[in-house]
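One chain comes next, on its own, written as structure tokens: the form predicted alone.
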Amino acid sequence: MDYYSLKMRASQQIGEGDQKREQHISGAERIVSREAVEAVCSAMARRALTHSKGDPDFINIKIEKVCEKDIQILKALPVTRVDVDSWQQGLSKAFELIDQAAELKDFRKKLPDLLRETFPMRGAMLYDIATGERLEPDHNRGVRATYMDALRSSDVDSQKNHFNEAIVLATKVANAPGMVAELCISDDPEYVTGYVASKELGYVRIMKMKEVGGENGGRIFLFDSRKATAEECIEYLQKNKVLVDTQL
């Protein structure tokens, strides 16, 4: 059976003159059967056009054939839910978990500044815990995990399901060569939940990590160059095709 990779990206131009820049509005990633392509593309377009961050100036939907033999099946990370009273408490819990995963003394102190650096980026920061260096080829764009979906998924709803999409992405990222952990906060204004994920921690869903209405969100991939090369990690994140079994 052949599948199709569908990718949607929507953006708008903000600012004037030399200050003009592209602002990300919405994105989506699916791997579906031939029969579902038309319906899913339509749902992706609706999602881009109805996003709370505004009207896009540009919508791109890319369709690419994928052979079944090239797809890796992964078991979804186990999920833990953490309830907190405030976004400050949620961030503190996330930093604590990342500090434990990185196994570096006082690394937690660096995390707020690193996270702020990701706010304007389209993708994730790839941070090497062995050297303290950022390894994204383009620091403005960052690194994006692509070619992934849930196994047996038939959802064509135009509304984003943050949790379902996050568990798929987090599972793929956790299996990348040299990956230590991931920290994520959504940039959707109405969605305040974030997560920390790794093979050891599983998917730790922290229910409040920012204020309602806040558009600042970011993603950090913590990587260890003593375990793999950055090229191997980025190749896996950006090119390996993955379906995640969320029903195991």
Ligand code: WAQ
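Numbering starts at 1 and runs along the sequence shown. Just so we're clear, the structure is a prediction, and the values are computed from it rather than from any experiment.
Here the subject shifts to the form predicted together with pimeloyl-AMP (WAQ), a form of this protein not shown in this document.
For the options A145, I71, I129, L115, the one in contact with pimeloyl-AMP (WAQ) in the predicted complex, meaning a heavy atom within 4.5 Å, is A145. Proximity of R205 to pimeloyl-AMP (WAQ) in the predicted complex falls within the 4.5 Å heavy atom cutoff. Proximity of G178 to pimeloyl-AMP (WAQ) in the predicted complex: non-hydrogen atoms within 4.5 Å are absent; the residue sits far from the partner. When pimeloyl-AMP (WAQ) is considered in the predicted complex, S186 lines it closely, a heavy atom lying within 4.5 Å.
Though the partner is left out of this view, S198 does not reach within 4.5 Å of pimeloyl-AMP (WAQ) in the predicted complex, counting heavy atoms only.
Shown here without its partner, the chain carries R122, T193 and R219, all of which come within 4.5 Å of pimeloyl-AMP (WAQ) in the predicted complex through at least one heavy atom. Contacts between stretch 23-62 and pimeloyl-AMP (WAQ), counted in the predicted complex as any heavy atom lying within 4.5 Å, involve H24, E29, listed in sequence order.
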